[in-house]
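As structure tokens, one chain now follows by itself in the form predicted on its own.
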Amino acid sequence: MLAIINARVYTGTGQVLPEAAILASEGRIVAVGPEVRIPPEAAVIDARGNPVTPGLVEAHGHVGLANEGVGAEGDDVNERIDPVTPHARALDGIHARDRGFEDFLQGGITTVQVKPGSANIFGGSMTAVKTRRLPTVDAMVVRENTGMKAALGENPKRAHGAEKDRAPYTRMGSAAIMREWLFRAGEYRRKREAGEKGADYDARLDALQPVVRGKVPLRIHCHRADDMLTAVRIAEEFDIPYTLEHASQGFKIAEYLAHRGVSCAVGPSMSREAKVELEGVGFETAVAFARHGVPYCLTTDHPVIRALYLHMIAGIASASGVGDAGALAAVTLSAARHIGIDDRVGSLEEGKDADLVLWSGDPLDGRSRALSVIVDGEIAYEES
């Protein structure tokens, strides 16, 4: 049993409790408020008036797949052998001892959705894990198969058309391949359910079943506004759940996305314009989404931007016009909703996982540091 007392508590739901306590037991939050009774057997952390927030949530990262300081041997982000690899699973490639997890804890991030990269039209399934490193990655899992990675834009063209002399060469080709495989997955489902002959097991089509059945979203990498429109067009044609990942030029079509209620993971907003589709990358999209009511969260796309800076990105978004409440939500509860795990993490509420961060100062101030990071009621990081 663990208690944090004398804290300025940001619940993650928009509420700020100037002086409150949090009690956790068996990995879950038991009580939050100004009059929490602390049992004598509880281990107590005195916040001394400092802020406590929910553990931050990174909705789009590659930690454990892009291993820190290893080089080619530790690069397990993209399976480049074929543009269609939905049967690949991030869980099978995550290295639980990747030093990158240290960045996440030091930055106050307690949960991350780990995704395959964007070299392929279909890149594989993703998983949400806690960042407290355990002996096995399986013990770190919050939820397996939280979505299917897909990609449009420059990356599939470069990885296959330009480098391997095969489709897709163009944006038309990328969209055609995406449509082809979604149609094939639907036919595979129909034939298997009908017990038709010739409907033999196919690993790639089988991996797409949770998407075409509406169980998990297709999470589509797209930066440029026209790629985002193609993503929406295809997803709506096949009536499948989907999210947009990066959405760098989302400010150009914010009203369109708001009308459809499309959830977007925005970022990495602090990166440079490294390629043509990143023209205009910055915080304008987050501000436009906040103004128009587009559901969104903020991401570092670790290791593109170190996860350590997620709270700083939220601070810049706030200063750019998102506001403090919206910015904090974008790295806590809104990020958890984007992943589909807000029943477990993202806010400090009774019954949720005891994931929380004690900060040295305002969590949106770049000068603030995570003093203590608690994951599932256990201290996972303390500033030395």
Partner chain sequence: MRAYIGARIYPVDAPPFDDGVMLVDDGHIQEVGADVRVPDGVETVDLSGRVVIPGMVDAHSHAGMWGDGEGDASRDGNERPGPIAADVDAVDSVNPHHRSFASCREGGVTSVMIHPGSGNAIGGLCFAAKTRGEIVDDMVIRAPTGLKGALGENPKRGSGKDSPKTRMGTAALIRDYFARAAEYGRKKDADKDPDPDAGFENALRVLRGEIPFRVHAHRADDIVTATRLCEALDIRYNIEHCTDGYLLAEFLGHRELTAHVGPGLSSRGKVEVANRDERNAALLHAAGVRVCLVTDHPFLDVRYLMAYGGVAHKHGLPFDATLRALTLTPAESIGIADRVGSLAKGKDADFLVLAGEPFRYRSPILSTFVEGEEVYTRQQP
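Numbering follows the first chain given and starts at 1. From a predicted model like this one, the values you see are computed outputs, not experimental measurements.
Although it is not shown, the form predicted together with the partner chain is what the next lines describe.
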Contact residue in the model of the complex, from 27, 321, 33, 39 (heavy atom within 4.5 Å of the partner chain): 321
One residue of 144, 279, 82, 206 in contact with the partner chain, assessed in the model of the complex (non-hydrogen atom, 4.5 angstroms): 279
Options 93-101, 292-300, 112-120, 129-137; stretch whose heavy atom lies within 4.5 Å of the partner chain in the model of the complex: 93-101
Residue contact check: residue 306 to the partner chain in the model of the complex, 4.5 Å heavy atom: yes
Exercise: residue 236 in contact with the partner chain in the model of the complex, heavy atom 4.5 Å: no
Distance check, residue 14 to the partner chain in the model of the complex, heavy atom within 4.5 Å: no
The partner chain contact at residue 19 in the model of the complex, heavy atom, 4.5 Å: no
In the model of the complex, residues of 52-78 near the partner chain [heavy atom within 4.5 Å]: 68, 69, 70, 71
